[in-house]
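Only one chain comes next, encoded as structure tokens, the form predicted on its own.
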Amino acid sequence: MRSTMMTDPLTLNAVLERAERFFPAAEVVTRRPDRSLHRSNYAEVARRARRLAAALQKLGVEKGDRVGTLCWNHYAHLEAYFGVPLAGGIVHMLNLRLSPDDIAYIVNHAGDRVLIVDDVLLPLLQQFQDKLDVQEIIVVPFSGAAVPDGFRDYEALLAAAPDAPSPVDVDENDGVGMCYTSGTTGRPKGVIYSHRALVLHCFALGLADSLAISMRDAVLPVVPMFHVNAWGLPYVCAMVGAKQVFPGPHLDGENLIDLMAREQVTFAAGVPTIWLGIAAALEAADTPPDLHPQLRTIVGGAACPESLIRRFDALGIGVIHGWGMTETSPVGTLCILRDEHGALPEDELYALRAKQGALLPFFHARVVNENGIAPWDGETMGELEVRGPWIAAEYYENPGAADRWSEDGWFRTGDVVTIDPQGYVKITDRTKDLIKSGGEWISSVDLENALMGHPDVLEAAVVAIPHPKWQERPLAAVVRTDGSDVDEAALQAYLGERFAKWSLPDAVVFVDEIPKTSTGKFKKSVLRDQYQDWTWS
């Protein structure tokens, strides 16, 4: 027997309608390239998104067509987040930090029909424009300069467009957004998100025991809008009516702190490398900035060191640790404490908060190793496999990557984890980064987080280097803090208080910086290549 319930589709179009109707005056603030502020609101975003949709239809965009965006975080990018779906298209966020060759590959592989590009990113576009097969390029005059000849002017296009697009029949399972992986292992791979997946993701993030974002919040997504939908925050904010604050191209600590104080931001999101810089700037400030007393942050994209959580606590800023992937839309776990955790000793509590956290509703996980499905005992390691309504079931036109899914349909994340009896996930490594030494597994992540807890260490990455006797041994690359002269012996002694002797790095090298991926993660493949011929003493 079927239910008697209605079947209204879950769509992002309905999210925009809600934002316009119930929260028209809620602000959308953007820092421009010249550091001035642009102010808009949901009523204006909705009006302009409809005009963008109508303009795209006039350019020939049809249902299912991909529209690429090569943009920073700002009001026009938010308009595209909603305007492209209103036209029936799929908004395809392009990672501007990838190599020009990779961006060109992604645009062509996705079959983007139109590109929307910031004027300040035209020098980047020119490095690969001759390799593209697109019909139209629209330039956003983000800096206020005139749009060069040969491109369509975003503002002129909107001004000449009808007030509304032609209606498009939308099913909640239709594609609406598209992102590609960062391509650290082979060519980047595409994921197409459905309306249904992103709306359910919004509901999960908005729960009281999740991120609890509400109409009373001012949200600063430092995480780029080209990185997995800015973790879904622009859509969640629109659904609940939260103010959005966009940093534009200015991601330095000084600018972000200024925005957080000026706009009284209550919630911000970014990768650990961003927050390490902000923590250092706040600690060095002669006069503490006037930050909102309830400011909290979500840290994801890479493991958050326990030491960083402690530093932010000392600054009066709450930290929520999370985990996700391009293939999971992206958020799958959040480290939200429960009432029973209040009785834990301080060190145990911080160790728990440094975990990636518990599963969101409808997000399922299991740990698999050579012995099969592992128990949730907090000790047994294995690869994390996941399934759920906002997890990809395949890649876009990439049948060669089908081995990323198990025979029974679970997505193989490549993360090595433990899950404790309460369901809290701890990532111990990536499968490709796990150090296998003398029959034992060594977690590079645990060593890195411990090293970054040392007051004289700014950043640290640990990689496996071939060893003639033990198969592999850990080598640590360390960036000292300014003015520090900490040496290898001091760091080895520091780690020796926390780890078994066999798991300590056999060598520590000091570097000026750790190479990073386009999303701010440590790019360990570069270090492995650089030190693969290391001579062990």
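Residue positions are given as counts along the sequence shown, with the first one as 1. Model, not experiment: these values are computed from the prediction. By rigid core we mean the largest C-alpha set that fits within 1.5 Å across both forms.
The following text describes the form predicted in complex with a small molecule, which does not appear among the structures shown.
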Task: One residue of 374, 359, 157, 325 in contact with the small molecule, assessed in the predicted bound form (non-hydrogen atom, 4.5 angstroms) - done: 325
Open item on the list: Considering non-hydrogen atoms and a 4.5 Å limit, which listed residue (161, 302, 457, 192) is close to the small molecule in the predicted bound form?
Closed with: 302
Open item on the list: Using a 4.5 angstroms cut-off on non-hydrogen atoms, would residue 321 count as touching the small molecule in the predicted bound form?
Closed with: yes
Task: the small molecule contact at residue 415 in the predicted bound form, heavy atom, 4.5 Å - done: yes
Task: Any non-hydrogen atom of residue 296 within 4.5 angstroms of the small molecule in the predicted bound form - done: no
Open item on the list: Taking any heavy atom pair closer than or equal to 4.5 Å as contact, tell me whether residue 310 reaches the small molecule in the predicted bound form.
Closed with: no
Task: Full three-residue contact with the small molecule in the predicted bound form, heavy atom 4.5 Å, for 181, 427 and 432 - done: yes
Task: Among 247-255, 162-170, 302-310, 108-116, the region lying within 4.5 Å of the small molecule in the predicted bound form by heavy atom distance - done: 302-310
Task: Yes/no, residue 262 Cα shift of 2 Å or more between the shown form and the other one with rigid core fixed - done: no
Open item on the list: At a 2 Å cut-off on C-alpha positions, does residue 432 qualify as shifted between the shown form and the other one after fitting the rigid core?
Closed with: yes
